[in-house]
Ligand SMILES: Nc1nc2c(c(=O)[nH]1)N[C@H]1C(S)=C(S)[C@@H](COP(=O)(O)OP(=O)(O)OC[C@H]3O[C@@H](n4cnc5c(=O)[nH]c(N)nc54)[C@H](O)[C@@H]3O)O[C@H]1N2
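As a starting point, one isolated chain is supplied in C-alpha cells, in the form predicted alone.
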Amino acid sequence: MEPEAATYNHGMSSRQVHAVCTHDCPDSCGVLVTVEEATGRALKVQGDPSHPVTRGFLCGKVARYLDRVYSPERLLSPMRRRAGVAKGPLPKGQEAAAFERISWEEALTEIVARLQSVAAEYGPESVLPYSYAGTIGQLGYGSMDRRFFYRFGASQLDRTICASAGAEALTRVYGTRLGMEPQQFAEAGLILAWGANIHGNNIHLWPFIEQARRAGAKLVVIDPYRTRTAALADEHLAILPGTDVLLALAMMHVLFRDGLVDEAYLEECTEGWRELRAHALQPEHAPAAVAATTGLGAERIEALARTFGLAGRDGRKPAAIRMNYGIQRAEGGGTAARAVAMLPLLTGSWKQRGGGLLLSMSSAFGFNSAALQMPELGKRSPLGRLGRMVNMSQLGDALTTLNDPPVKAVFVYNCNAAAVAPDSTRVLQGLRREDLFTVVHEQFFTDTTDYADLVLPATTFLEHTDLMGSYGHRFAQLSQQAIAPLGEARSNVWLFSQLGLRMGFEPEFFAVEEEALIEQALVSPSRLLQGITKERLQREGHVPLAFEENALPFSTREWFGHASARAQMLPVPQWQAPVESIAHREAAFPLQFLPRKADNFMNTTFANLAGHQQMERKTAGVLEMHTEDAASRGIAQGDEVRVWNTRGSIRLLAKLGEQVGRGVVAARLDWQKLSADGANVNALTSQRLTDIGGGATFYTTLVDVAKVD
C-alpha cells in the first residue's frame, strides 16, 4: 500500500493519508483519510483494508469521526474565564459563556507566570499534571509533557484509573504484559470472554471469534451485565460483581481434582503450582461452596471447568481467554486478574495455536519511552529529584485535603477529569476552589473545562503525527498528519515544548520536532522492534513486530520460569469480600452498582455528539434494574428514581428487565452536564483502591434506589 497515493473523489483531486485511531482502544485501527487537495479538508475516513487485524472496517464511533473533527462545537481558540460584575472571575462550574477568547501568546504568558508564582510560594510540587489516554499515541500520551513536568519539579501522576491492577497482575504471573495475537482466536475451540464486551469495545476481535464459532468453537461470556457480546454468546454466566477470583479458584479446584491439568507443562514452565494445587483443592473452593456467593449454580461452574480442562485434549482445539479490564475494577480486582491469568498455565493451552490468554500487548512494543519522557530531567528541577507521586484515582482527596504542599495548580489534558474520576462530588469540590489555578487542553467544552481558568484548543488525531503501538495486536504504526489543525488547535507536543522554552528550559530537550521524537522512540534494545524505522512506517503504514512465526511466548522456562523467579513466589490468590459488595447486604445500601461504559462512546469521548448520542439512546439516562428489585421498591418501567449512597446521588429513569441479575443495578457513564441533575455515575463511586496496582474500584459500589415521588 502507498499511503500517499493520489485518488479522486467526485471529480476533485484528492490524496489518501494513512493515519491510526489513537483513542483508548485495543484495536488501534489503521485509517485511510481522503483529503481534498484544493481545500485541505478531509472528505472521508475509512478502515485500511491491508491491516491484518482491523481489516478495512471501523467501529461506529470512528466511522463518524469527521462529525467530531468538523463539529461546530469544536474548541478552536484559547479561552480565559471572564471577569464578573464584581471584577473578579465568574464562578467556576459555568459553561462556555463564562469564557472569552485570547491569543496563544496571552495564554502561554499567563500559564508560565502563574505556574512560576505558585512554585515560588508553595514549591513546584504544588503543581499537578492530570492526564490519561485521550490519545494513546507515544507522543501525545507521554513525551514532551512528561519532560516539562519532570524539569519543572511538579508532582508526578500515578496513572491508575483504567488498567493498573490488571497490568500488575499480568506482570506478576508472566513477568510481562504480553498475550496471544488476536488472529489466533480463530483457531480456538473454546473462548471465554471474561469481563470483556468484545462486540462493544474490541470489535475487530469479533470476526476471528465468529470464524472460530463457524468451525465449531463455543463462546462463553462471564460478566455481571448482559452486554452485546453476552447476548450473542453461546452461554452467558452472570457472575455477581467482585467474585471473579472465587470462580477462577473453583475452576482450578475441578481441574486439579479431575486430573485436567498438564503437570508436565507446569513442571517445566512454572513455579509454585503445587502450592496453588493445595490451595485450590480446599473445600471452600469447591463449586458447591462458591455457587451462592458468585451467583452461579454449582453445575454450571463444574461444566465450565471441565469444558475448559478438556479443551486442547484428544484432538480438540484449545481454550482461549479474552480477559478485559472490567474484571480488575473492584477491590480484589488485581487478585482476580492474577487468578484468571493462571488458568491457561494449568492446562498448558499456551502450547497450541489458538490457546492462551489476551489482556494486553502493551509490553511487546518496547518503544523507548525513557528517551521520549526523560525522567532524568527531574534532577535539573529545583527539587533535584522527581516530585511526589499522586494517585489519579484519588484526585478528590488530592484537591480537597491539606497536603504538604497543597495542590495549587492542576493542568488537565487527554482526560475529562471532572467526569471520569471517582467520587466526583469531592473532585468538583476541589475544582471549584478559587485559589486553584486550572488549565485544560481540550477539543470541546467538557465537564472539566467548566472549572478551568484557561482552556486551550487541542488537535484530533487527523491533525498531528504520532507513533502507535497497540494493546490488542502486534503491529507498530505511524499515524500521519492528514489535515492542518483547525483554527488555533495545537498538539500536546507543541504546547509543552512552547511552555518549556518559555520557562527557560534547555532547548536541546524542548525545541524538538515530532519527527525527531519518533526516531528517538524507535531507538530501542527490544528485539521485537528490529527492522522497524520511521521511513519503513511511512512507506508501509503498519509493520509487524519481529515475533518468530508461530511463536508460543510462554511455552518454555526461558519466558515464564524466569518471570516467576522475579515475582518471588507471590502468595496464592485468595478471595476476600470487598467492603462494598453483595456479601455485605446487611449494610444500609443493599444493591451492587455497575457504572458501565457506553458502547458508542469512548469513556466520555464522543458523548456530546448528536450522532453518537442517537446510537446510545436506549441506555441514555436510565437505571437498569431487575424486575424483582424494582417490584420490591414499588418502581415501574419509566419511573424516575433516585440512586444514592453516602457519597452522592443521581436521578435516572427506571428500565426494568434482566440485563442485570437480582441485587445488581447498572447505569452508563456520561457527561455530567448532559444529565438532568448535573451529576453522573461517579457521584456514587469511591476513591478506595484495588488490592494491587493502586487502581480505581468503580465496580465496588453499593447503593440503594427509590422512586422519586
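Remember, predicted model here, so these are calculated numbers, not experimental data. Numbers for residues come from their place in the sequence shown, where the first is 1.
Not on display, but discussed next: the form predicted together with the named molecule.
Within 4.5 Å of any heavy atom of the named molecule in the predicted complex lies no heavy atom of Glu271. For the chain shown alone, Leu669 is a contact residue for the named molecule in the predicted complex, at least one non-hydrogen atom being within 4.5 angstroms.
Taking the partner from elsewhere, Lys61 is found to have a heavy atom lying within 4.5 Å of the named molecule in the predicted complex.
Mapping the unseen interface onto this chain, Arg41 falls outside it, with no heavy atom inside 4.5 Å of the named molecule in the predicted complex.
Taken together, the three residues Gln138, Phe365 and Gly694 lack any non-hydrogen atom within 4.5 angstroms of the named molecule in the predicted complex.
Exactly one listed residue, out of Ser155, Thr227, Ser497, Thr438, brings a non-hydrogen atom to within 4.5 Å of the named molecule in the predicted complex: Thr227.
This chain is drawn without the named molecule; in the predicted complex, the residue among Phe149, Tyr174, Phe185, Tyr132 with a heavy atom within 4.5 Å of it is Tyr132. With the partner left out here, the named molecule still marks one of 104-112, 176-184, 325-333, 286-294 in the predicted complex; by a 4.5 Å heavy atom cut-off that stretch is 325-333.
Scanning 592-628 for heavy atoms within 4.5 Å of the named molecule in the predicted complex gives Leu594, Pro595, Arg596, Lys597, Ala598, Asp599, Asn600, Phe601, Met602, Asn603, Thr604, Thr605 in sequence order.
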